[in-house]
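A lone chain, given as structure tokens: the form predicted on its own.
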Amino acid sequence: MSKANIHPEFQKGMNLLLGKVEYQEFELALEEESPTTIRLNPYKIEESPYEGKPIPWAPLGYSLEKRPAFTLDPLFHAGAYYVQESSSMFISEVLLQLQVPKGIFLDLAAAPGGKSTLLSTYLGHEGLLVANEVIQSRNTILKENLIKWGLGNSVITNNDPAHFQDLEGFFDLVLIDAPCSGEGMFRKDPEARKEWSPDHVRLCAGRQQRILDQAGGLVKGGGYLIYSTCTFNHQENEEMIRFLTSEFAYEPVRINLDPAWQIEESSIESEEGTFFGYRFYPHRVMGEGFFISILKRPDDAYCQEPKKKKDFKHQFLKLVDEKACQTLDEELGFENSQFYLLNDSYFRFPQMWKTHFEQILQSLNIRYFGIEIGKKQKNEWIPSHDWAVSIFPKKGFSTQEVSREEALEFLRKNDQELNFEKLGWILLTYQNLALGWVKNLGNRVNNYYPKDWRIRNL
């Protein structure tokens, strides 16, 4: 290892990519502080709460002047923004340039949720996102982040890519942010430098090839596949695109770049034609290392349309009938909802995606879907935290604006003296954004912030 803890074989490969002079600039950049960047949730906030510069390829992204204590910002817990590395926000530019139809998207390796929340934002009220993560602990983090984001247009699954075989030709877009050797994280995560080796690169390439082999057919005719890594080498990038296009029919997609962005385009020659990749180097851009390639499925490729089923049958979920859904929509101030019951708790799902969801249910292990509204006892709702932080109306509930200190005490799940005019459920807000529920019983106030999410630091 060198004084910078960088493997000689990595140095050799990067010298070939950049040349000796530019490699020195690259290595110096690894010793600098990583930029801090956030992406706003436009359904909750319009302006950045922090001083910073706009990220040129991400309309909702900002590079901050200094790193705040996000854990101590109630807006962070309210889902007003996501702390995401700026290079990966380039997916926003891809979606907007291509005007990708807002259909059903799959984020195959989704945790912790940066790219999933980006896709969820793009889809809005028109599309549906399937956010998948195979590792159980990471799936829990993904679920928390999508619930906080609050759009209710996602299904969270916990599956190996092999489990998707029945959904061939089902998705309008598949994002594969592949597990990789992490070369692009050498500045942000010094441990990644220590873990790097040529054997680790080969191991990652083998894993990526297996994922692509299982996921390449999931894109429907006319749809898009986005392949990305946070690494630089050809073995995990260009070679994977060559493998993918040798196994599945895809067409090249080229993205227009502003030269000022200093993103490097590479041509990927294959027997099927010339494809394109885009590299982000930390000495050129205000971000970490990243690679992305975009491909389009031919229009005549297979498309799987889900078939409507007469009877809904599921081991755990119960379908709420159409008339009852309309009644609930009127009561709650919602629109176009399909409700399901799970353990007597109501879940709201976009009605337009009901058939697709019920097909997904047959193939995948569902961890969460839509928005959990809560339970109903007689005529009173026991509302869920998920409903509180969602963008959906909370009709009939009292709200109370709190100070920053009061908000932090609530988020720590501490008891505190708050004065309320009304008894019952009260939605606490900070800067008009919902934080969660308390219940005023008169003699005491119960805090219903999720125990597992509470702030644990001082």
Ligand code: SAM
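Worth saying up front: this structure is predicted, and the values here are computed from it rather than measured. Throughout, we count residues from 1 along the sequence that is shown.
Beyond what is shown, the protein has a form predicted in complex with ligand SAM; the following relates to that form.
Residue contact check for Cys325: none of its heavy atoms lie within 4.5 Å of ligand SAM in the predicted bound form. In the predicted bound form, none of the heavy atoms of Leu72 sits within 4.5 Å of a heavy atom of ligand SAM. Among heavy atoms of Ile135, some come within 4.5 Å of ligand SAM in the predicted bound form.
Taking non-hydrogen atoms only, Gly113 approaches ligand SAM to within 4.5 angstroms in the predicted bound form.
Of the stretches 103-111, 380-388, 280-288, 303-311, only 103-111 has residues with a heavy atom within 4.5 Å of ligand SAM in the predicted bound form. Only one of the listed residues (Glu358, Glu372, Asp177, Asp172) places a non-hydrogen atom within 4.5 angstroms of ligand SAM in the predicted bound form, and that residue is Asp177. Put simply, of Lys318, His125, Lys194, Arg207 only one has a heavy atom within 4.5 Å of ligand SAM in the predicted bound form, and it is Arg207.
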